[in-house]
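Just one chain is shown here, as structure tokens, and it is the form predicted on its own.
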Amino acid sequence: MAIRVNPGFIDVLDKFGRENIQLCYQCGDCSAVCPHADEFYKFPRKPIRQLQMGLEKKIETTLEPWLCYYCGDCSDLCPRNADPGATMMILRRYLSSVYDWTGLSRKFYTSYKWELGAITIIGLMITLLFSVFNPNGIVTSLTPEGGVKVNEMFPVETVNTGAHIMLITIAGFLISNIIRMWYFTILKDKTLKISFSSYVIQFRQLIIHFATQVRFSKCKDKKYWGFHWILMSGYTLMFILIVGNLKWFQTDKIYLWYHPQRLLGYYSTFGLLLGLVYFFYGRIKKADQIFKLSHLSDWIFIVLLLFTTVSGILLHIFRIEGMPVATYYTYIIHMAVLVPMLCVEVPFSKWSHLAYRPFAIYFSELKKSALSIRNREKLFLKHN
């Protein structure tokens, strides 16, 4: 079957970030230094060669960009300053748009007007819902402990229902995109024979790498792994508390500081703040290779996350200190930032990578296992 070449593919990729692959002369230093490259996945060299040749359809089926953690070693050692690590990052954005059937991911990554516009529109809608259409308004009732009765301002049952609708919607988009990822990277290759038992056995890879991101530890800069994991764990925990278990988390009763509700909230806040300080500092200073080429989507995500975290901290303080007016308006601001961040970033933009990467590792292990079996069968037939 003929392989189609798209000579304009590099121009398409430029819309997802600035790359320098024209400078690459395929010396292979990048793959040699990468701790994650092996005989099956020869990146960054292989995907960059496919880009240079305009093999757009081949790129759509590759998993290599997701196996890269952008430690920056390959870019530091590149004799031509082609920055292969940045190219892998750009490819991850592009592949996110390939998996997304709605086309919104491509719009958000290639146009700041689309991403900021979507965030603004959703934020305004949430502001209207929580202010203009809020039947209770500002309620000044206080709890016996002296805190604000938030659930009399914003009925927890109504808010919880809205959170579940949002969760189902976000999960629907993200799961359908992951299914498309599976189709492009696994099912399209008719030569691969993957048994059901292999899917079950390798599934542990998905759990392990989502929970620990342990492949980061193979990179030279261990602190990047640590801060990334702390930020990820704080974000994931807060998502579970707010979206998945709001009735337990949003209560009028003010618990003592050592209650699990408050301890989990404090850990989540600590993880978010510590991770945000690290990433803000890195992107502003630009001393490390991984922070030198920040895309607008990178900035939008961490800015939204910072506003969400700070407004959440203020909301907690105003609530336990018994300040109804401040609690009311801060709650609305908090939700007006949190909801669009979740609706845009989780299924279509930066935070979707949190799902795509562990699934890519899972799929890569499936392919590696199938290719190993196929190679052994070929070798057996050759000698018999």
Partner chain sequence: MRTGIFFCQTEDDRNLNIDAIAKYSANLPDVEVVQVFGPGQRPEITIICDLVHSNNLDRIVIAGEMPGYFKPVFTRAMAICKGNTDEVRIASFQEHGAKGENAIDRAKAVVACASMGVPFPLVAISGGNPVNHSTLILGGGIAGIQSALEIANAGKAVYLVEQSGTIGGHMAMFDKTFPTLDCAACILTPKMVSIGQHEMIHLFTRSKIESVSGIPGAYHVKVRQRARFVDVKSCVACNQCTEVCPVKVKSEFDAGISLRKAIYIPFPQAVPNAYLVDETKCSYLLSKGEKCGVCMKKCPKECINLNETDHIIDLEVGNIILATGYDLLDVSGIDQYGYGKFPNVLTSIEFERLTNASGTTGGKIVTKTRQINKKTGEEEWIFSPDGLAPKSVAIIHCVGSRNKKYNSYCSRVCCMYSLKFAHLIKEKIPDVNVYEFYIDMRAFGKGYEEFADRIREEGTYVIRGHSALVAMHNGHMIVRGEDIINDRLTEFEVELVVLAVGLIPSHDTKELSKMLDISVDADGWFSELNYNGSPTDTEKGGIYVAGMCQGPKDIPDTVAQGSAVAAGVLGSITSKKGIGHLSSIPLSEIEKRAKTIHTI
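Quantities reported herein were computed from a predicted structural model and do not represent experimental measurements. Positions refer to the first chain, counted from 1.
Below: the form predicted in complex with the partner chain, not depicted.
Undergrad: Taking heavy atoms only, is Gln26 within 4.5 angstroms of the partner chain in the predicted bound form?
TA: The answer is yes: Gln26 has a heavy atom within 4.5 Å of the partner chain.
Undergrad: Decide whether Asp38 counts as a contact residue for the partner chain in the predicted bound form under a heavy atom distance cut-off of 4.5 Å.
TA: Contact check for Asp38: yes, within 4.5 Å of the partner chain in the predicted bound form.
Undergrad: Determine whether any heavy atom of Ala171 comes within 4.5 Å of a heavy atom of the partner chain in the predicted bound form, and answer yes or no.
TA: Ala171 lies outside the contact set for the partner chain.
Undergrad: Taking 4.5 angstroms as the cut-off for heavy atoms, does Asp288 touch the partner chain in the predicted bound form?
TA: The answer is no: Asp288 has no heavy atom within 4.5 Å of the partner chain.
Undergrad: Here the chain is shown alone; which of Leu77, Leu206, Ile201, Met125 has a heavy atom within 4.5 Å of the partner chain in the predicted bound form?
TA: Residue within 4.5 Å of the partner: Leu77.
Undergrad: To verify the annotation, which of these, Met53, Ala32, Ile317, Ala326, has a non-hydrogen atom within 4.5 Å of the partner chain in the predicted bound form?
TA: Filtering the options by heavy-atom distance leaves Ala32.
Undergrad: Quick one: which of 53-61, 39-47, 347-355, 332-340 gets within 4.5 Å of the partner chain in the predicted bound form, going by heavy atoms?
TA: Careful reading of the contacts points to 39-47.
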